[in-house]
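Just the one chain here, the form predicted alone, laid out as structure tokens.
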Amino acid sequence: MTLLLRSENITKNYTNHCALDNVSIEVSEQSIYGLLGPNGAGKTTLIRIINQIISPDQGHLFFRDQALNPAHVHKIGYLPEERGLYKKMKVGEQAIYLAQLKGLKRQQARKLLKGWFDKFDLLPWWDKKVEELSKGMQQKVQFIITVLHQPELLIFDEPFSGFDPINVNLLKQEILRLRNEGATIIFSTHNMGSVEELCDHIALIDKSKKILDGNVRQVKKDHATHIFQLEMEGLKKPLENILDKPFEIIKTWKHNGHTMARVKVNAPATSNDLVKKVLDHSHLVAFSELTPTMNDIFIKNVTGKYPMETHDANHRINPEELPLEQ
């Protein structure tokens, strides 16, 4: 696919702190690019550099193969994590004013805004002061202003912060629709729960460095855990006496009278080999592979282990589970 935005070896230092260390990303046209990592990782610094709010100490940025320059500002819509509207202005007038700053004519802006306000249930608040709106309503107004001029690149920094589940879902649907209609989106967050349903491509940033990037499906495929969860009835002898190398028993417990276990299958063994061994000694009630979430993948890349690989991990454990009696 055609690249819309490319950064090469971006480095940014502050006093006694490296915010970005040699970070490169490639954002394809009409895609949603997830910029992921904990707070303080460097995501917002990279976004501010893309928006030309600050400059990198080293490295280069390109917008459609042209060096990023001030002419590109109007091709980018930016919703910062730090929200801010003029509290004493009326909502509709402020939205029109901000739309005009982005190049829209007043009547054109008013017509477009009325449509968006209706979609987001904000029309009754058109003539209210911003300070009369809830935090969630103010955030919806800023989202509308960000996308109104139909920029080629949209950048959302923690867009779901402070929203209830209904409004989070509303924004997710709008983000997907904008992508489907041609927009390219950079979506920055430390909350990885929304990533898998939205993003086409991700980059994980930790402590100023990019530690992983790739297509979401391929990243998940490359990070298969080979860990399986089993539910067994009538187990005839301890699982430790049934499974030896290359099988690795991570955890066992009792649940509703059944024996539960989490087992890692190491090469050259396969999941079929695991099933065959267990079936010789029990009735297998349930069997599933534990697929990692993006949060699991991040933890794996930082610590070297998935959460479900630790003996005391509560990952996907039912609250009713009890330790297996020895």
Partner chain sequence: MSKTGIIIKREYASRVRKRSFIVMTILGPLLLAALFVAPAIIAQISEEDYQVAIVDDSGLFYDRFKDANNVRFTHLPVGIDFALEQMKENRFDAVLHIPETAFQAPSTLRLFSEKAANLNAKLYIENVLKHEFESLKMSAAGIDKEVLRAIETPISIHAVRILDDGLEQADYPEVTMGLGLVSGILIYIFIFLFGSQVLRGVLEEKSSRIVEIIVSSVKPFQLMAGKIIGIGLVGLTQFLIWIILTFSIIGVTQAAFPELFRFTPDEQVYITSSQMLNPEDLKQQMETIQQFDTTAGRILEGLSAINFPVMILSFIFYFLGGYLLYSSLFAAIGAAVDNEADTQQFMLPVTIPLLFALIMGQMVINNPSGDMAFWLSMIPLTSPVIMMVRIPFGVPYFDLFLSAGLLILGFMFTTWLAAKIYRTGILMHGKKITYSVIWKWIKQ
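Nothing here was measured: the structure is a model prediction, and the numbers come from that model. Residue numbers count along the first chain shown, from 1.
The form predicted together with the partner chain exists for this protein as well; it is not shown, and the discussion that follows is about that form.
Listed stretches are 244-252, 71-79, 200-208, 161-169; the contact stretch with the partner chain in the predicted bound form is 71-79, by a heavy atom cutoff of 4.5 Å.
Checking Leu133, Leu123, Leu85, Leu212 for any heavy atom within 4.5 Å of the partner chain in the predicted bound form turns up a single hit: Leu85. The contact with the partner chain in the predicted bound form, taken as any heavy atom within 4.5 Å, belongs to Ile53 out of Leu279, Ile53, Ala67, Ala286.
Interface membership of Leu98, defined by any non-hydrogen atom within 4.5 Å of the partner chain in the predicted bound form, is confirmed.
For Gln142, a non-hydrogen atom is located within 4.5 Å of the partner chain in the predicted bound form, even though that partner is not displayed. Using a 4.5 angstroms threshold between heavy atoms, Lys264 stays clear of the partner chain in the predicted bound form. Although the partner is absent here, Glu231 sits far enough away that none of its heavy atoms falls within 4.5 Å of the partner chain in the predicted bound form. Although the partner chain is omitted here, in the predicted bound form none of Gln173, Lys220 and Ser271 has a heavy atom within 4.5 Å of it. With contact defined as any non-hydrogen atom lying within 4.5 angstroms of the partner chain in the predicted bound form, the stretch 252-268 contains no contacting residue.
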